[in-house]
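What follows is one chain in structure tokens, specifically the form predicted on its own.
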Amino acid sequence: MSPITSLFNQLPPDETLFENIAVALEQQGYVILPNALPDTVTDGLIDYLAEVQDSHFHPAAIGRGDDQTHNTFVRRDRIHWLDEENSKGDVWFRWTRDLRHYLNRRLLLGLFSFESQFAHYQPGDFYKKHVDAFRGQANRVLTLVTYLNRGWEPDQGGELVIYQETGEELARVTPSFGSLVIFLSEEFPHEVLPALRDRYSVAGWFRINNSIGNRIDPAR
């Protein structure tokens, strides 16, 4: 038995998952884990999503802060930001907090906070190729995506396509229930392809703190 295998066998389930994530991020900067999110976490997200009325979703913008604009040629999804004060999100935010602490200890990333949103793609909606953080100009370090679509079939589209910085396609991810995708926000352009059915996901970002004058850098 290798030392790494022995280590995994000694870890509790969440830490085994966290270590798999840490190893992949260290080696290649991204990780794709089908059906990996713990059931308690996905159950909590499904309960939270069920109480969010359609009217609470709004058209997603591109850019941040005062530079935000709506451009339906770039993206057509609708989003709803998750609220840490909502009890239905407790398990999700505890799990992402534990992941953040683990990655900080393991990889010394200096992750400071986490923000996340539900995204609803109606049939035909898309999000064209983009990056989540421009090198040296933003404080998003890690992107995390998970999916809330039961029974998703490969021919229903809606894949997340991840690219290398040079433009070559790296991976296509079917938005299957509970799958996890985590990658370095500055490193990997990506896009969401149109789907044939409603597609729900949660996108989140682990951030560092770019404070100026004792003012914490705003999350959105």
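Computed from a prediction, not measured in an experiment: that's the story for all the values here. We number the residues from 1 along the sequence you see.
Omitted from view is the form predicted together with ligand OGA, to which the following refers.
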| property | result |
| --- | --- |
| Touches ligand OGA in the predicted bound form: R105 (any heavy atom, 4.5 Å) | no |
| Exercise: A203 in contact with ligand OGA in the predicted bound form, heavy atom 4.5 Å | yes |
| Interface membership of H101, ligand OGA in the predicted bound form, 4.5 Å heavy atom rule | no |
| 4.5 Å heavy atom contact, R150 to ligand OGA in the predicted bound form | no |
| In the predicted bound form, the residue from I182, L45, L37, L160 that sits within 4.5 Å of ligand OGA by heavy atoms | L160 |
| Partner-facing stretch of 107 to 115, 80 to 88, 93 to 101, 121 to 129, counted where any non-hydrogen atom is within 4.5 angstroms of ligand OGA in the predicted bound form | 121 to 129 |
| Residues in 75 to 99 close to ligand OGA in the predicted bound form, defined by a heavy atom within 4.5 Å, in order | R75 |
